[in-house]
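Shown here is one chain on its own, the form predicted alone, set out as structure tokens.
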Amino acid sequence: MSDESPTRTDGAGETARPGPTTGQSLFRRVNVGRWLFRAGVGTVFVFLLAPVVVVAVTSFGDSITPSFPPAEFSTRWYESFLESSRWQRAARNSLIAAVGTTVLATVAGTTAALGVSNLSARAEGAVLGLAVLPLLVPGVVLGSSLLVFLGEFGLQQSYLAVIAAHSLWATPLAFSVVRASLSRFDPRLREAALDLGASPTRAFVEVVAPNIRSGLLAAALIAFVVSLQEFVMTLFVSGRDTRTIPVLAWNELRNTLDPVVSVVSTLLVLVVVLAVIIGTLVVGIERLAADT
């Protein structure tokens, strides 16, 4: 057997020179595709971050009318925010609603995820369909329905109404995240803890929770962020004393372009970024990204 590689011959019987290798051509195409992909992703990021940058810069302007770039830089509107009782009350309301929503949505979502894991495939599919149903209903419909329903009990315009409204969207998301995290958990560990005499609560706290810690934190983080930015339903169920920052900002923008709105928008973005940083420091960026 000959070790020589076969060669092509032309019509005159002469050996033809090999052209550019297929590997080199493929490498060029892959390299061009990679740069096009990076350019596309970079364009999307610029498109998403540009409004945030503009709002953040205008919050340091000195003019009554926000402009970009500002003619003069100042912190007068941050001082105005700190001195305004209305904005301080709205910030407190947003924090109360976000913490309440985080607790309720995380507990409800985790409980539902644990319960679904013991159901048959058909029953699990039915529960999953019901779980995501609130995400498919327009916020206007949910807000008006909650206003009528809670009004029957005198709970409209209360903190409970705001937390319940936010939880309608936060709970399905928390449920999905915890369920995905539980899919990588070995249920035999929990069964072993129960066989050794642990109560269901103790088995969850000491066996299940440590193994799905990243999923629980991701669910809580999502619920917190959803509550901070939710506006449509809050507009229906909140009152004068329970208005959150998005609702108050909308009320202010109806009359004039208040520079303080740029301040509170910037602060909300910073709070979300800080929450994400804390989450990545606790469980790591890779596990947090995998569970979200």
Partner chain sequence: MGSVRTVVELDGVRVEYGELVAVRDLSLSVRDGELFCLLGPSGCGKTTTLRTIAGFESPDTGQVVLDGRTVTDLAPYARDCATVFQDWALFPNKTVIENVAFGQKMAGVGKTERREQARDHLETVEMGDYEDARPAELSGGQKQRIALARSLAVNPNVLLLDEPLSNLDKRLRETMQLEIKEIQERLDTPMVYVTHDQEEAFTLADRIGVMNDGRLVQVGDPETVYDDPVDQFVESFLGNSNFLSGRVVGSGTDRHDTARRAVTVEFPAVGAETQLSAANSLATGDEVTASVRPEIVELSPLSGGTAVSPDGGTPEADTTEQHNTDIEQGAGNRMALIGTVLDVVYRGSSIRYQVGVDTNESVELFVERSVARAPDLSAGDRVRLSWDITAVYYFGPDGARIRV
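Keep in mind that what you see is a predicted model, and the values were worked out from it rather than measured. Positions refer to the first chain, counted from 1.
Below, we refer to the form predicted in complex with its partner chain, which is not included among the displayed structures.
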{"item": "Contact assignment for its partner chain in the predicted bound form, among Leu95, Val103, Leu155, Ala198, heavy atom within 4.5 Å", "value": "Ala198"}
{"item": "Heavy atom of Glu79 within 4.5 Å of its partner chain in the predicted bound form", "value": "no"}
{"item": "Distance check, Arg202 to its partner chain in the predicted bound form, heavy atom within 4.5 Å", "value": "yes"}
{"item": "Ala180 within 4.5 Å of its partner chain in the predicted bound form, heavy atoms", "value": "no"}
{"item": "Heavy atom of Gly125 within 4.5 Å of its partner chain in the predicted bound form", "value": "no"}
{"item": "Residues within stretch 205-224 having a non-hydrogen atom within 4.5 Å of its partner chain in the predicted bound form", "value": "Glu206, Val207, Pro210, Asn211"}
